[in-house]
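Form predicted on its own, single chain, as structure tokens, below.
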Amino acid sequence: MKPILEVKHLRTQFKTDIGIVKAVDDVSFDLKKGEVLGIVGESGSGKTVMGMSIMGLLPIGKNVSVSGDVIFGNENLIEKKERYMRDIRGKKIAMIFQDPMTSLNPFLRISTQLIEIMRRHLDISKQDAKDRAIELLQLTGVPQPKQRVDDYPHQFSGGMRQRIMIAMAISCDPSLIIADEPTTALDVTIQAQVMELLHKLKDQLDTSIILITHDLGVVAGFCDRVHVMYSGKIVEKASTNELFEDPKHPYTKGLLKSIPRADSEIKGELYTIPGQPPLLVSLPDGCPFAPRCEFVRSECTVSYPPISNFSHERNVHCWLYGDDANE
């Protein structure tokens, strides 16, 4: 089956006073219809910039460049002008942003913001749009939707604002949702509710989801496949079960070791990956994780590791494995 989204050799660079920041560096992946793909990594690994690049939300100009291919619906979105992207965003591809308080307009009622999207993309009246807005709030678990639809964002809690963001994202039944850290600012109970809601909506609407997060606990119970990003590159691809049962890349192993486990017999402080991520403006010639890696070899500092394939959808960039690690 043809993927709903194909990203090929995506590169996003920012020109700064101290050099070129390679925020996304030759990233390629695909997404199937109805699939949930997790993109994980530390802050600064390029996850959010990748999502913004796919959506065409970056201010392309002399200081910002995006290249590669983003194939959606047989069209390369990288080549499209802003007018075309406005027709795509919200209707066919929607994004749930990390902080709903800064993403929602504080001066506009929730009803106004929901109605605006539907009136822009759907051929419906203002009253029908408001009725659908109430239905969406009810669907996403906002209590008393008829009474609260005309409230302002500051009158809702963080968890409720995130539900409103989800309602906005699904208002036009998009075929792809990019969820950028949708549970970061929420407590554990609300996190679980939001993820359960997204999972239910995915099944109801048969929507594909890219989940951008640093929380591997969220990934474990929600995603079908996982891609691990480090310094603007995808360093490991695997199904969720394979990643948790047998991580390959030392960085992935470090991330998993840093997760608290209820069944762990190890007492004391949690494991932390030593060192700091490299500056994206001055990446080394070799593996960018080499200075922090406990398995580092001489070749790791000389050139970037080739891809090692374990199966069609299971691969890793690491010198610990051969050029073709068929297992």
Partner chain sequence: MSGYVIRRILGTIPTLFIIVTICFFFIRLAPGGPFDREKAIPENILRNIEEKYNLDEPIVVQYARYVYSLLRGDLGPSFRYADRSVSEYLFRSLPNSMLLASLAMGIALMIGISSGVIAGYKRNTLYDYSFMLFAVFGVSVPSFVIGPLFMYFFSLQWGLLPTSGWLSGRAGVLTLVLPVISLALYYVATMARLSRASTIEVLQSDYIRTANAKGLSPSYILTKHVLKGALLPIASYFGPTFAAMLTGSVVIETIFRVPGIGVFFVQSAFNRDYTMIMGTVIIYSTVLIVMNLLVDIIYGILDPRISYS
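Residue numbers count along the first chain shown, from 1. Since we're looking at a predicted model, the values are computed, not measured.
One more form of this protein should be noted, the form predicted together with its partner chain, which is absent from this view; the next part is about it.
Only one of T189, N241, S125, T102 comes within 4.5 Å of its partner chain in the predicted complex through a heavy atom, and that residue is T102. Just one of L137, L198, M168, V235 comes within 4.5 Å of its partner chain in the predicted complex, counting any heavy atom, and that one is M168. Proximity to its partner chain in the predicted complex, taken as heavy atoms within 4.5 Å, picks out 85-93 from the listed stretches 67-75, 138-146, 85-93, 204-212. Using a 4.5 angstroms heavy atom cutoff to its partner chain in the predicted complex, none of T12, I18 and K22 count as contacting. Taking the partner from the other structure, its partner chain in the predicted complex has a heavy atom within 4.5 Å of a heavy atom of E116. Using a 4.5 angstroms limit between non-hydrogen atoms, Q193 is distant from its partner chain in the predicted complex. At least one heavy atom of H121 is located within 4.5 Å of its partner chain in the predicted complex.
M55 belongs to the set of residues with a heavy atom inside 4.5 Å of its partner chain in the predicted complex.
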